Ligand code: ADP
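One chain comes next, on its own, written as structure tokens: the form predicted on its own.
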Amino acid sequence: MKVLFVSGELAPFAKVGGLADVAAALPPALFELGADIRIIIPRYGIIDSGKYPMEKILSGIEVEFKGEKNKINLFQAVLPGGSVMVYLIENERYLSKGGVYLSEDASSCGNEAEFERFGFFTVSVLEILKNLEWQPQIIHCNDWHTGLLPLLAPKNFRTITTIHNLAYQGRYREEIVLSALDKDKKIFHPKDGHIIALREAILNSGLINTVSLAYAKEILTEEFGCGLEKDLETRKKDLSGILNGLDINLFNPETDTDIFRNFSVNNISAREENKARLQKILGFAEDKNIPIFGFVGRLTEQKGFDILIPALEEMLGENTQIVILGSGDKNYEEKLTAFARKNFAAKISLNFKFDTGLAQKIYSGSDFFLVPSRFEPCGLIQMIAMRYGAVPIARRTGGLRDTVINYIEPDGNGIVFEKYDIKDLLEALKKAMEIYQEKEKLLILRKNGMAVDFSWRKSAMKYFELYQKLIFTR
């Protein structure tokens, strides 16, 4: 089974968000199951060719774009730590300057320069396939970056698109797309004067899946469908949900070199040293009786900051410590900074950056982990937190619904709240404070979370089955 996995991001070569982690973890799991799977990404300027050795295997291939002939080169590398082949397309004009995105994040700004990058990447992939001896049976597309591939790919290729976040769609004015690709407007499905890359993927892919069972159901509704729910409804029989996995070798408290002391579910008392030393480096009072609430991720409305900030301000009046690591919306950074100045400096640590080492220390030292998302296609931080013994406080939505089980259940591993409002979140936070005083109950939640199998193998088997369905039943 030959599969080309097409992605706009790939860890560790070029990582911005969770897509990069999925692209780095799912193909190796599929490779182990027997798939001949290869990954293709742009060769961005930020990719360190000294750190990641690569060989040029094709050069001077012509690509028609915007009425001009552009030349691309193809490089080949191996995904670090494994055997999966990675192709990288080089073009100085459109692909190989700077980082992954022209905007601050992966949300798609929708401007012409962005389409030039990912539209050019799309047509370049198709030209590469004309010149490559190895030919896939399946093209596996991911998110809006590759949304036009299922429409433009020759019919001898079977296509599947994974939606990692439906809110990010790649929405471009018709004239931008039509002039760049020189295609008949009739092949597209314009909406409100725009061609939406992810919509084209939904309407043209052989199969569609998203990154959790719950999210696959939610996106069929107006609340979560982001304007594409009617298109998804037409493809309902071809839509499925497969929960993302976790790189359990990377996120392993028994071997992690970024934490202060290694531990396991059978030696969970050793975890206390991580908490004590985290308190010390953050400038907190070193007191095992004070619970630490952690957050790692983007500071955005999606992640719940419009309800989290007022709830935290009330919680800081209690005997608590809160650590936040991440960057994003400057408005949220300013609000957090403002109330931290209100005599709360000794109780809250704000770190507006991303620091992998500090993230691991927060996972391994926090008692509770904050995941109050407005919506969450899958979410990885709750899985990582549980693997390191931190109890998630999560809203029941998307992938959080599929992974976090409320404390009242026999196999409970977290604290779950239903409504997206400050009142429900505050009740969940106060319940966490109560549970913290009940050490046996807290220990059970920790152990239940650490015992869950979040490895990629189970999910990879489901992708393998989708590939088989594409090849053998269509």
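All values derive from a computational prediction rather than experimental measurement. Residue positions are given as counts along the sequence shown, with the first one as 1.
One more form of this protein should be noted, the form predicted in complex with the named molecule, which is absent from this view; the next part is about it.
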property: In the predicted bound form, residue 379 touching the named molecule (heavy atom, 4.5 Å); result: yes
property: Residue 251: touches the named molecule in the predicted bound form, heavy atom cutoff 4.5 angstroms; result: yes
property: Contact test in the predicted bound form: residue 356 vs the named molecule, heavy atoms, 4.5 Å; result: yes
property: 4.5 angstroms heavy atom contact with the named molecule in the predicted bound form for residue 16; result: yes
property: Location of the named molecule contact in the predicted bound form, chosen stretch of 348-356, 202-210, 228-236, 151-159 [non-hydrogen atom, 4.5 Å]; result: 348-356
property: Option touching the named molecule, based on a heavy atom within 4.5 Å in the predicted bound form, out of 125, 308, 88, 296; result: 296
property: Answer option from 291, 136, 241, 326, heavy atom within 4.5 Å of the named molecule in the predicted bound form; result: 326
property: Neighbours of the named molecule in the predicted bound form among 107-142 [non-hydrogen atom within 4.5 angstroms]; result: none
